[in-house]
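Have a look below at one chain only, the form predicted alone, in structure tokens format.
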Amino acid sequence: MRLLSASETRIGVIGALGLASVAMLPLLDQGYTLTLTVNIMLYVVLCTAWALFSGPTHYISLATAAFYGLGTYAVALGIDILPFPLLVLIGALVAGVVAGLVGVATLRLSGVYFVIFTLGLAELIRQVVTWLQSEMGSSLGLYVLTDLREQHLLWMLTGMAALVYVAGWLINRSRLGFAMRIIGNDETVARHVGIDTALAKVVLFIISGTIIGAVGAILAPRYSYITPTGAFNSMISFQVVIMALLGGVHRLWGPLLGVIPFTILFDQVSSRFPNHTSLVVGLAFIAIVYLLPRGVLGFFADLASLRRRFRIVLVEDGKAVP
């Protein structure tokens, strides 16, 4: 087994200290800061799970809301029957199964066709759930009443963040991660060198969907009353894409650079201009695509590359380089 490099060790220590600091926050604050941190950790896990698949493959998935909503509804339907930890596992399993079915059916598509299908998935599931609830004669909402509070959600999300980072690190070091990087660079070449591209993409899509489903289940008690419109809200999918692209998906921790500033900005805008949040999300997406197409990480990487080329030119001209 390949030993940890110095940079991997350093990043691991910093990450562990960061997660430990977040877990201790409820001891210091039980108000707005705690609520905002829960939101940040929510999107840290969602964006990182999204980047596990979309980062190496360059497939833009808008199915986050579908997997998230399935996890949420798993808790809403069984909260009076089964213990909450078991419901989280069920929500993750259901989302993973659906991700597998969707992956087998659609991951042979690429480009805009895959984006359109994943965008419609959440809406399709929402309509099915709405129809089933109306046919059964029940209300369109379900109550989720538990003793869980914000600090409990924060601790569970912190644990999920640790899990997704460890999983991402292991995947990157595995044959699957190597195969996915080749697929992202050139899928035709990957097939020619013997990689089962369809299987590799489906496996990673299942892992991503399972994690997102578990997060949806964990957050279900926060909403108390679950409706199809709220659970399968397509805005979640767009926010995840924007935050991940803003930070950059070239590194496992890249989405973190987009989650923190965007979550804070979105919280301020939604509280002061509640009728214009969709407009802000749209403008943010356009700005990121045109101004930071490779995210913050890509921007600094480009600057470093430009600086290296500039130093080479100076050396070739015989000038001293500081």
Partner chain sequence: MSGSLLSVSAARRAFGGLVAVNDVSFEVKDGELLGLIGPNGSGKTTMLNLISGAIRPNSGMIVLGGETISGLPAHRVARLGVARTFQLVRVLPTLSVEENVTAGGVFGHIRVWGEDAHKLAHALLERVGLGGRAGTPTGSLTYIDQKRLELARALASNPRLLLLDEWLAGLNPSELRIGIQLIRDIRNDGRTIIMVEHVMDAIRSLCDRVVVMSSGKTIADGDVGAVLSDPAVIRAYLGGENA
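As the structure is a computational prediction, the values presented were derived from the model and not from experiment. Residue numbers count along the first chain shown, from 1.
This protein has a second form, the form predicted together with its partner chain, left out of what is shown; the following refers to that one.
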*Position in contact with its partner chain when the complex is considered in the model of the complex, options Y223, F114, F178, F84, heavy atoms within 4.5 Å*: F178
_By the heavy atom within 4.5 Å rule, which residue out of L148, V97, A162, I195 makes contact with its partner chain in the model of the complex?_
I195
_Options 167-175, 210-218, 232-240, 89-97; stretch whose heavy atom lies within 4.5 Å of its partner chain in the model of the complex_ = 167-175
*Looking in the model of the complex, is its partner chain within 4.5 angstroms of a heavy atom from every one of V269, R272 and N275?*
no
*Given that the partner is absent here, does S134 sit within 4.5 Å of its partner chain in the model of the complex, heavy atoms only?*
no
*Does its partner chain get within 4.5 angstroms of any non-hydrogen atom of D186 in the model of the complex?*
yes
*Would I182 count as touching its partner chain in the model of the complex under a 4.5 Å heavy atom rule?*
yes
